[in-house]
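Taking the form predicted on its own, here's one chain by itself in structure tokens.
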Amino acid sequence: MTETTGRYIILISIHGLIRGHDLELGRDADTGGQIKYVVELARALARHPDVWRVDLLTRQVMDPKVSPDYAERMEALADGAFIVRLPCGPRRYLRKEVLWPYLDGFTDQALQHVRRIGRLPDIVHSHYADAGYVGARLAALLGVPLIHTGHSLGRVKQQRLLEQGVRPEVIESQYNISQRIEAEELALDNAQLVIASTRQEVEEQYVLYDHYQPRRMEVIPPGVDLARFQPPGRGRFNPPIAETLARFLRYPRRPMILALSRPDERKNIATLVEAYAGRPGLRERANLVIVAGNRDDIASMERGPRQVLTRLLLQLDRHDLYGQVAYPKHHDPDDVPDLYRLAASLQGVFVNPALTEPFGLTLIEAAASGLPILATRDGGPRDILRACRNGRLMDPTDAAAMGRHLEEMLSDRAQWRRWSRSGVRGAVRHYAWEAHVEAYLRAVRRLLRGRRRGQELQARRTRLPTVDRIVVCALDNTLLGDDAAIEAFKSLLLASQRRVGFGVATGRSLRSALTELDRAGLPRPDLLLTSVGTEIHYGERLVPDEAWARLIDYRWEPEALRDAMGGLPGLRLQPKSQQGRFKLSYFVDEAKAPSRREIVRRLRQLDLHANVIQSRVMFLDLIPIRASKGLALRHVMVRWGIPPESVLVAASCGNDEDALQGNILGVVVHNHGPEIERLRGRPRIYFAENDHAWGIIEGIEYYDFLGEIRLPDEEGLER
């Protein structure tokens, strides 16, 4: 497949540890089934004749505590499929809950990668909430469709933790749950297609979101590598892992009840042990094998896995299960197919007792191996059992019923054989990767109908590519406000104008911005981002960027938005001069108006799409979801090949926030609005001690921006 005729697909999966071999599944809560899914999806897509290239973008990790594999910038998965690892925040391995401050930097790195490839992707496909945040911004900047897969959902997690009695403030501090949910809403707002694994996910989980639109959702179950997962042949099957298990078991050739999962409280291993221990007949008939990740020393593990495994050992001792339960410390990825086949050869059962199971890839692997399954009735297992007809569903909280199901399934040999054969047939028919990819690419073709394929990224000839770097300033309360400071800034700019470009980013209209610049005696900027980033103009002739206008005209319905806002108290439209083609601007009466969050929720529930920006409490702007000052600036950087480290942004209020983040260099002047204070402490955002343009000059000196440019170190900043 040639570059010009084949699809170029970008997959994004940021957290965890991703490599193409010896996947460390179960190492921690971040390295689970999603990792395996995205790696196998990339390989399967690359094998299809309609696909030219697949890039799986993830986070680069340089940490002596993990393999050096995760530091390699690029790894080939197959012909045309690559893992691309991008720097994102501190170099060491971080859990996903603390990655949020660094995701704008990941977006900047992703843009630079696309520029190196030299071709726009046909689609961007994000996986999980963190990638959804990045994917929404990346797809907006590139003007391509976004596909999103949630894998697990924040609102569902929040709901279940609350049901367990966990306090809201504990959930927030431990999981950053509100940030995760907002990222998921952003992904749903921007996605043209949401791929779900199960019908329950669409009907019972996504329905909790403001942006629930089932017509944009499609169920495409994940695939399984049937070359690895097959039934055992005739005769005795004795793989290497059997010797490891035999160390634990008094009668290792008894039927095997196999459980395979991370040592996570939600996997409900404890109830399975109680179910087994409570049935003397089951203990006499079968062995229980629990494969719960890899470990060296339980005492050195993180609190969650440590608690799960400690409880397991206490249960084994309390019920005197020695010789009947195997719980190996280590297993290799190649052992997993052997475990299924070994259990099938012993006419055992695979059990998934999880409290919640978004999909259940292990169930398909077991089915393909001829191993009947007993699974939680939550989520994916319902669809899998319906397709494969190879076992039973059960209540994961009822230990007695779970034990009874297991004993009955192991007692009826004729039914066991029917389940075994049916599972193999169902896995081949419904869950082969080839079937998944065909359904996936059919959906992609529908999204891309009428779009040009394989567009190249080209920079326009302007003054900006001739300069080393560019200073971009907000106007009101930043560049403007102190005449002496303006003169000092102007002198600095004129002295280095051959090397340094000058840009303005403002909420004002173009005409209003030019009036204020002329009044202050400032030169005409090389770049003007006006109307909160919805308009871009270049140079003396104010050449408009029509490509940007086309990019942001996405799900923008100004009349419907105006009608929806008209019924809200405390909001008054600003004068016509402050409105724009892609901007609705309001004055806010704080005492009467609903909060920004309430406004956002109202619009989402009406299936209206807008980026709602509040500044200095009293101003509110509605602009397209693909527009903002930060996105407009990154559009310019992409088109002209300006690296983020060569851009300094000076600002003071809320509508400047996303322009300050990422890998660019930010300066917040001292007289800033309170809403921007939360950015304090970010490594590339400097809070100046001086007001107005004096603060900009201070920031220029802090970064040595007119000299060698000093980049702050991001190490040690995670919380």
Ligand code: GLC
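Since the structure is predicted, the reported quantities are computational estimates derived from the model, not experimental observations. So that there is no doubt, residue numbering starts at 1 and follows the sequence shown. If you superpose the two forms and keep the largest set of C-alpha atoms that fall within 1.5 Å, you have the rigid core.
Below, we refer to the form predicted in complex with this ligand, which is not included among the displayed structures.
Though the partner is left out of this view, residue 621 does reach within 4.5 Å of this ligand in the model of the complex, counting heavy atoms only. Residue 574 belongs to the set of residues with a heavy atom inside 4.5 Å of this ligand in the model of the complex. Among heavy atoms of residue 507, some come within 4.5 Å of this ligand in the model of the complex. Residue 652 falls outside the set of residues with a heavy atom inside 4.5 Å of this ligand in the model of the complex. Look at 101-109, 186-194, 301-309, 579-587: in the model of the complex, residues with non-hydrogen atoms within 4.5 angstroms of this ligand sit in 579-587. Only one of 324, 615, 271, 152 comes within 4.5 Å of this ligand in the model of the complex through a heavy atom, and that residue is 615.
Exactly one listed residue, out of 532, 344, 479, 631, brings a non-hydrogen atom to within 4.5 Å of this ligand in the model of the complex: 532. Relative to the superposed rigid core, the position of the CA of residue 616 differs between this form and the one not shown by 2 Å or more.
Once you line up the core between this form and the one not shown, the Cα of residue 409 stays within less than 2 Å of where it was. Once both forms are overlaid on the rigid core, the distance between the two CA positions of residue 652 between this form and the one not shown is 2 angstroms or more.
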